[in-house]
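One chain comes next, on its own, written as structure tokens: the form predicted on its own.
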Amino acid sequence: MDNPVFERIKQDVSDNDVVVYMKGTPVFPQCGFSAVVVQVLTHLGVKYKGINVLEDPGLREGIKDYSNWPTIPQLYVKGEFVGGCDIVREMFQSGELAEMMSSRGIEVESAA
């Protein structure tokens, strides 16, 4: 069964090392949880692509089905779903996020 939304998501996560599906944009997050993930990635100096799910209702629902995760934002690293805001925050605070990024060849400017 071909799902155009899933195909788009697969393309996004394979074309970009780090992708955040979020409400709003990296410059103007439109929810507090998305803002936290943006702050964490910015603090780490990680280059990433932010995708605004508010611009596409199909994508907003589709990303939840794709990851089997009920909330947004969602972080993907090297095509793999990492988690939402709470998981990203906890991984950042423990240093695990910077370690994971480095181990996957993603440049990190500053550790936690």
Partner chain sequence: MSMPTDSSSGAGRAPSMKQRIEDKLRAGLAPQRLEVADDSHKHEGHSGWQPGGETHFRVEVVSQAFEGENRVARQRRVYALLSEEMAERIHALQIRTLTPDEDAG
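Residue numbers count along the first chain shown, from 1. Bear in mind that the values here come from a model prediction, so they are computed numbers and not experimental data.
Separately, the form predicted together with the partner chain exists; it is not shown, and the next lines address it.
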With the partner chain left out of view, which of V46, A35, V77, I87 would have a heavy atom within 4.5 Å of it in the predicted bound form? I87
Check whether E99 has any heavy atom within 4.5 Å of a heavy atom of the partner chain in the predicted bound form, and answer yes or no. no
Contact with the partner chain in the predicted bound form for V18, defined as at least one heavy atom pair within 4.5 Å: yes or no? no
Q39, heavy atom within 4.5 angstroms of the partner chain in the predicted bound form: no
Is N52 close to the partner chain in the predicted bound form, meaning a heavy atom pair under 4.5 Å apart or at it? no
For a quick check, can you give me the residues of 47 to 76 that have a heavy atom within 4.5 Å of the partner chain in the predicted bound form? S67, N68, W69, P70, T71
